[in-house]
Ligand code: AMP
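Just the one chain here, the form predicted on its own, laid out as structure tokens.
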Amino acid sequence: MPTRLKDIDFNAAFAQLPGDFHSPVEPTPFANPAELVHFNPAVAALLGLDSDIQHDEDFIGVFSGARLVNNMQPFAMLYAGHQFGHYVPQLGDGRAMTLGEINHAQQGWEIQLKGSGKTPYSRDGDGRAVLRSSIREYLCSEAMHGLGIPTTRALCLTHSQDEVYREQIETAAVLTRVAPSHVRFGSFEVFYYRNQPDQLRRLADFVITHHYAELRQADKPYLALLETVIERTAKLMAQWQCAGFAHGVMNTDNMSILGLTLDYGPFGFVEAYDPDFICNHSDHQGRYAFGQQPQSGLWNLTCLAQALTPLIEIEDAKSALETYQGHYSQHYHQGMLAKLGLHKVDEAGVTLLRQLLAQMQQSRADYSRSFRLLSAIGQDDERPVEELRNMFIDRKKFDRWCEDYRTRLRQQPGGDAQRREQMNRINPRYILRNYMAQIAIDKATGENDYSEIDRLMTLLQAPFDEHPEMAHYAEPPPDWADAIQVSCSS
């Protein structure tokens, strides 16, 4: 494994596309010295790098945007997108740039700096990221990976005392983001609305060649691409709903062509269960409320399908979109009934699920804690677990639900111990609650203390384990957590 950046070949397949697709850029160094906030050994291993590479003399310089090594030729990607339902003809990487690509174990990984300065797509922005939002993305991308949900990841986080203004003066940071590709739905939309079918076809060919090679032999490869992205996105939406994750800004420029969770801003995990939960303080109409995410996923796929119509017959595109709901329902019900410890998806199980969610909503029961505690209910228990029961307003109604639940458990093979073990590998004991991220942010920004980031990374990389020394993170959030608000600047 390389321990020096100079020993790495930073080629980038996307950079070989013509200038219509991207713009050459150079990162803007911080005025003040940069420091390493945190390094992620798990992602280093994913890239085939030794953890000692963080001690390379060039490391902080490269990943804070102060220097380039080897054959790095940074570029910013062009794309457009529908933002809150309105088409914006040019967006692009306004505060991100790709340094290159590392290939390891027959997989290419784009290495992208987020917050490294202005690009041709910055518009009126400064191209910077603040430490606050960078910590949130750094932690959450790893939390999602720990939950088994497809996501971009992050290699490291650097920080400087350079001042950046958002709602207030903050300090700047650079997040090093990693993914096989950062191509978005909006990457296709820009060429559709510009009436550039040749570029559209070339981008589709690139994505198929480098990321969906199995589709090259399909009778209609572009249709097969759309069908595959529809299924991946439907599964991703189901995984979000099962985990109680709200993205907050599901614009088409934030939707990955690979079905990854992309661009963490005002995200939040549902705590008191409410399908109308809005994690983004800027989303005044609730367009991207938690319960609206599956429909938003379909809406965004419809925009992608429209962008591909120069390559696909319209009727074929419509037929492909009609499969979305079936894919989503299949993955959602499988995931949710597994959270209940039920092996079979049938109407009886779905009814139990709906009844439980209705009671959770009425009682504002904690979503993750409720499902985790369910595993403690035995087939022959006379009463439910008191800690769980106390979350519900109508406890007699909940008792009746538990009787039906136990009856269903007795109808399937396997005992309580096996089921509990399976449920506890599906229902996390720990999620990244906003207050936890806020504590890490406050320590980092107020005291230059990064220990909480390290502690949370250990926890979130294994969210199903007990971690008895950190059990307090599994408790209900403190009262002050209700006052936390996150917006598009987060």
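Computed from a predicted structure; not experimentally measured. Residue numbers run from 1 along the displayed sequence.
Quick note: we don't show the form predicted together with adenosine monophosphate (AMP), though the next part is all about it.
Non-hydrogen atom within 4.5 angstroms of adenosine monophosphate (AMP) in the predicted bound form for each of 91, 95 and 166: Yes, all three are in contact.
Proximity of residue 366 to adenosine monophosphate (AMP) in the predicted bound form, heavy atoms at 4.5 Å: No - in the predicted bound form, heavy atoms of residue 366 and adenosine monophosphate (AMP) never come within 4.5 Å of each other.
Exercise: residue 414 in contact with adenosine monophosphate (AMP) in the predicted bound form, heavy atom 4.5 Å: So residue 414 does not count as contacting adenosine monophosphate (AMP).
is_contact(residue 410, adenosine monophosphate (AMP)) in the predicted bound form, heavy atom dist at most 4.5 Å: Heavy-atom contact with adenosine monophosphate (AMP) at 4.5 Å: absent for residue 410.
Contact label in the predicted bound form: residue 83 to adenosine monophosphate (AMP), heavy atom within 4.5 Å: Residue-level check for residue 83: yes, a contact with adenosine monophosphate (AMP).
Proximity to adenosine monophosphate (AMP) in the predicted bound form, single hit among 254, 152, 375, 176 (heavy atom within 4.5 Å): It is 254 that has a heavy atom within 4.5 Å of the partner.
Option touching adenosine monophosphate (AMP), based on a heavy atom within 4.5 Å in the predicted bound form, out of 318, 194, 400, 123: None of the others qualify; the residue that does is 123.
Option from 67-75, 402-410, 124-132, 215-223 whose residues, in the predicted bound form, bring a heavy atom within 4.5 Å of adenosine monophosphate (AMP): Of the options given, it is 124-132.
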